[in-house]
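Okay, here we've got a single chain as structure tokens, the form predicted on its own, with questions on binding and movement later.
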Amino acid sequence: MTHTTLSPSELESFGAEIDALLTRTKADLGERDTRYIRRVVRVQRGLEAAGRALLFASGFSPLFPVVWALGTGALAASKILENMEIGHNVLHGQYDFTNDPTLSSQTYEWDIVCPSEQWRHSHNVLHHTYTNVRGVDHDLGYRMLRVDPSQPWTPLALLQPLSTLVLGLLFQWGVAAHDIDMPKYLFRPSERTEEQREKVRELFAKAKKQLRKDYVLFPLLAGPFALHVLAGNLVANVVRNVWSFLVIFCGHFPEGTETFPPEALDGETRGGFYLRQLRGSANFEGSWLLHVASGHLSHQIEHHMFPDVPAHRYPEMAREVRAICGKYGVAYNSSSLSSQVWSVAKKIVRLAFPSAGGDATPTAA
């Protein structure tokens, strides 16, 4: 993917046109957006109730495999909707304008082991401010993967095709460990700070609550069919993990997404900020249902440009962003979901080897 270099005046005009789109959209926010998110919440709660009821009922049904699969599927869909379209977007403050305490970014607690407050710091503050800036944005490989040739190669990179699969299966735990810098916390105990210790205590408390709900409380309520419910909850959580992982990786690591040195932040203008978000992100295309299930993070470019705008607005904003990019000759990275998955997979495997550019000299892990 070729990126056009904009002159300072072109960059200023580019930023002004993106800013104008943001201003127009924010001026239009209101009842339409409130109705949308409340409808999604109702659907999510209905799916969760149906899923848990079907899992309970599966033990009594002669059609056990079918009822169990339907219950597990409904519960997985509920968890995906809650995490992606509701939790992620509410925690970005996209619905703070409603003044509804149940949709407040400061009080919402989502159905995942990562405490909301820690996620707001690692994601909203660090990732969205320093998107793809090497050494600053720790989402760039999540401190364990080599996703850019400029990252030094170490022998551990050889394992990253396998560790990527494990991360996908356990993605909520990877997200939970992110703000703490868990590798450093575990392997350099002398450098632990009181802030880190407090975050670990908060993480354990949240994880205990989540584990107790899905693997103790609801199974016990099912009595003799506790294992049916436990297994359904486990599979639903894994499905949610894998789907979230795919959405996030396809939005950040396909071929063509750029990374930046820390110097890129020096004197960065508004237009420069938008351009960095654009070049560091990628979209994937699909149906309306696919967009909803991804929390509209299928439009990762627009999400990085407008993180506090209700995400269901991204498809209509994307048409204008794409037109502006075309006007200035700026590349816009968008493809089908399968293409982006394949692109990410090839990059993960290619960068597992030192011959894939960058520093080919092994360094200490």
Partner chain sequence: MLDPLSWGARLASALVYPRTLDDFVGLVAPLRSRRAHHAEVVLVRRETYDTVTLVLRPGPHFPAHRAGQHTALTLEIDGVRRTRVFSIASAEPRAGERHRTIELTIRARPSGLVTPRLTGRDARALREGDIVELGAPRGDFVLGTPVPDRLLLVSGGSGITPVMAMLRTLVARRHRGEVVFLTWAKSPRDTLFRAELDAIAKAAPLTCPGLRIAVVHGPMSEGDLAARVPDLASWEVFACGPSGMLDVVRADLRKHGDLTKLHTEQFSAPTRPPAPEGEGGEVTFARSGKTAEGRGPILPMAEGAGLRPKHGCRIGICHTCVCRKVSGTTRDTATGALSTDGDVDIRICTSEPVGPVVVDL
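Positions refer to the first chain, counted from 1. Keep in mind that what you see is a predicted model, and the values were worked out from it rather than measured.
Another form exists, predicted together with the partner chain; not displayed. Remarks below refer to it.
J.: Can N99 be called a contact residue for the partner chain in the predicted bound form at 4.5 Å between heavy atoms?
T.: Answer yes; at least one heavy atom of N99 falls within 4.5 Å of the partner chain in the predicted bound form.
J.: Does the 4.5 Å heavy atom contact test between E85 and the partner chain in the predicted bound form come out positive?
T.: No - in the predicted bound form, heavy atoms of E85 and the partner chain never come within 4.5 Å of each other.
J.: Is there a heavy atom of S335 lying 4.5 Å or less from a heavy atom of the partner chain in the predicted bound form?
T.: No, S335 stays farther than 4.5 Å from the partner chain in the predicted bound form.
J.: Although the partner chain is absent from this view, report whether K26 comes within 4.5 Å of it in the predicted bound form, heavy atoms only.
T.: Yes.
J.: With the partner chain left out of view, choose which of W243, F225, Y185, W110 has a non-hydrogen atom within 4.5 angstroms of it in the predicted bound form.
T.: Result of the distance check: W110.
J.: Which of these residues, S150, Q106, T193, S287, gets a heavy atom within 4.5 Å of the partner chain in the predicted bound form?
T.: Here the answer is residue option Q106.
J.: Taking 4.5 angstroms as the heavy atom distance cut-off, pick the stretch from 288-296, 125-133, 170-178, 253-261 that is near the partner chain in the predicted bound form.
T.: Careful reading of the contacts points to 125-133.
J.: Can you tell me which bits of 198-225 touch the partner chain in the predicted bound form, meaning any heavy atom within 4.5 Å?
T.: Counting only heavy atoms within 4.5 Å of the partner chain in the predicted bound form, the contacting residues of 198-225 are K206, K209, Q210, R212, K213, L217, F218, L221.
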